[in-house]
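Only one chain is included here, represented as structure tokens and corresponding to the form predicted on its own.
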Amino acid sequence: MSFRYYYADRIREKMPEFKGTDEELQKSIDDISLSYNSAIRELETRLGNISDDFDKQHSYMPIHHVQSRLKSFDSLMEKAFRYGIEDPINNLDTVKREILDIAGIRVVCNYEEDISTMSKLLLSQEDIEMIRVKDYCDKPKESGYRSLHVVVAVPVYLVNRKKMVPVEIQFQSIVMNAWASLEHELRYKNKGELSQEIVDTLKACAEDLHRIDEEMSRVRHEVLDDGNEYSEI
């Protein structure tokens, strides 16, 4: 099956405490993979449709590109342990209820103001349920990280049932995404540890890039001033 992303026998080797059969474990894994991959595809389609229609109406496409990922089963179990979920391999329903970023989409917009436009247009759809919003654009993290994190539940229609599946969407500008990607790579290369001097330098770079983001937006409006106030939709 194309949606399968882990196999029960491999999980059993690492987590022999699972109380059910391999068939039961495989069914649970496949259900996670199918449901969350379907939710990702659904949202990618909706975001693409919104961006295409926006381009048709305003001759401007606000989305630069979209990335998605499904958290691996190992990562899911590790996060469940960090969340304090007891015996997560035998409590997968609790894991799915408590961990809201099993499926993730990053929407990279051209400019910071496009973040508001795209998130509002998506959340205005009547069958999208907003679960949580964390705005790191106006209030960045201590590291300098900026993004808008929105968790939504999207309907997924299967053979004989409908499921509301949560997906975390990160809306970023190109500039925000560039900084976040490079900062993540530096931390990954150094196993998450950076000196305070490097941390301070990265934060200063984030502030400088934010000013550039704002200036580029101002220039954009000067060059493309055709009466369309994209950010006010």
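These numbers were taken from a predicted model, which means no experiment stands behind them. Just count from 1 along the sequence shown to find any residue number.
A second form of this protein, the form predicted together with a small molecule, is not displayed here; the remarks below concern that form.
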| item | value |
| --- | --- |
| Y145, H149 and E183 all contacting the small molecule in the predicted complex, non-hydrogen atom within 4.5 Å | yes |
| Heavy atom of F54 within 4.5 Å of the small molecule in the predicted complex | no |
| 4.5 angstroms heavy atom contact with the small molecule in the predicted complex for F81 | no |
| 4.5 angstroms heavy atom contact with the small molecule in the predicted complex for R132 | yes |
| The small molecule contact in the predicted complex: D74, any heavy atom under 4.5 Å | no |
| Partner-contacting position among S68, S38, S28, Q170 - heavy atom within 4.5 Å of the small molecule in the predicted complex | Q170 |
| Contact stretch among 154 to 162, 88 to 96, 121 to 129, 136 to 144 - heavy atom within 4.5 Å of the small molecule in the predicted complex | 136 to 144 |
